[in-house]
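Coming up is one lone chain in structure tokens, specifically the form predicted on its own.
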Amino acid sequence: MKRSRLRSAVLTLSFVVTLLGVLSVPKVQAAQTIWNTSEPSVIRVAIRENNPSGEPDPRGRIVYVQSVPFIQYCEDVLPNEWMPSWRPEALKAGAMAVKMFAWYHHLHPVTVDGFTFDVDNTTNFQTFQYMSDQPTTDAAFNAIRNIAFAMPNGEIIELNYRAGIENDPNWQYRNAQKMAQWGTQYWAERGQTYTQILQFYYQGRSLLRIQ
């Protein structure tokens, strides 16, 4: 009787081991971090047709996909999302958001109407106008050029932002982990650094030097 039970247990264990060997265990993909993922050299931008007023239409047809050097892309987005006349610390906070947003979407491309791209040139992603960079916004981007704002483990995450309310700290966006563009100017006018502004809106993230 004991031998029968032992033999049954051995057969059961053998079956489980065999079954585990047959079943494919899904692999856990490692997080994409600034340590294992290089900053892009080029980003693919879908160019949409303009609306009647001459502005890129978020619902417009995709005309073509333009490959743009990553740094140039960031410099050509910043003055279209932040006002070049704003305080330097506000522009630096904006530059970081623009860069990390673009980096994240470079890692998560999409295909629409047969076109594969990372971002488009409208408010669907970030407003991009080729060769529209300005001296003040270029200086802001250069100041954060070798720094990333990511999770403490280096994971690259999307930094979302919204216009927000003028002359207001925009606390509502802090609770939503989004940065208010007007809020960056509000805090910069009150002596806050770009680091303090970023940490106000995006909680639980860290400034990390890109190696």
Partner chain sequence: MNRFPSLRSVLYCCAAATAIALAIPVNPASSIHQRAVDRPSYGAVPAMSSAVQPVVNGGLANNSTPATPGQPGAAQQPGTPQQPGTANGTQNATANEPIGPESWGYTNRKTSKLRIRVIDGRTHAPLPGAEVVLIETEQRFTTDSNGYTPWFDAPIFRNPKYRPMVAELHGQLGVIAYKNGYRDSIHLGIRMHENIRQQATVWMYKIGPGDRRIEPVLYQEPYHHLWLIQLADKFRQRSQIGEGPERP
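Numbering follows the first chain given and starts at 1. This one's a predicted model, so the numbers in the text were calculated from it and none came from an experiment.
The following text describes the form predicted in complex with its partner chain, which does not appear among the structures shown.
S.K.: Only one of N146, S38, Q172, S67 comes within 4.5 Å of its partner chain in the model of the complex by heavy atoms, so just point that one out.
M.R.: When its partner chain is considered in the model of the complex, the option within 4.5 Å is Q172.
S.K.: Pick from F117, Y73, W82, W103: which has a non-hydrogen atom within 4.5 Å of its partner chain in the model of the complex?
M.R.: In short, W82.
S.K.: Please state whether every one of the three residues T127, T136 and K178 places a non-hydrogen atom within 4.5 angstroms of its partner chain in the model of the complex.
M.R.: Every residue of the spot touches its partner chain in the model of the complex.
S.K.: If we define contact as a non-hydrogen atom of the residue within 4.5 angstroms of the partner, is Y186 a contact of its partner chain in the model of the complex?
M.R.: No - in the model of the complex, heavy atoms of Y186 and its partner chain never come within 4.5 Å of each other.
S.K.: Does any part of E158 reach within 4.5 Å of its partner chain in the model of the complex? Heavy atoms only, please.
M.R.: Although its partner chain is absent here, E158 would stay clear of it in the model of the complex, with no heavy atoms inside 4.5 Å.
S.K.: Under a 4.5 Å heavy atom criterion, is A163 part of the interface with its partner chain in the model of the complex?
M.R.: Judged by the heavy-atom cut-off of 4.5 Å, A163 is in contact with its partner chain in the model of the complex.
S.K.: Does W86 make contact with its partner chain in the model of the complex, using a 4.5 Å heavy atom cut-off?
M.R.: Flag for W86 set to yes.
S.K.: Residue by residue through 50-66, tell me which have a non-hydrogen atom within 4.5 angstroms of its partner chain in the model of the complex.
M.R.: Stretch hits: a single one, E55.
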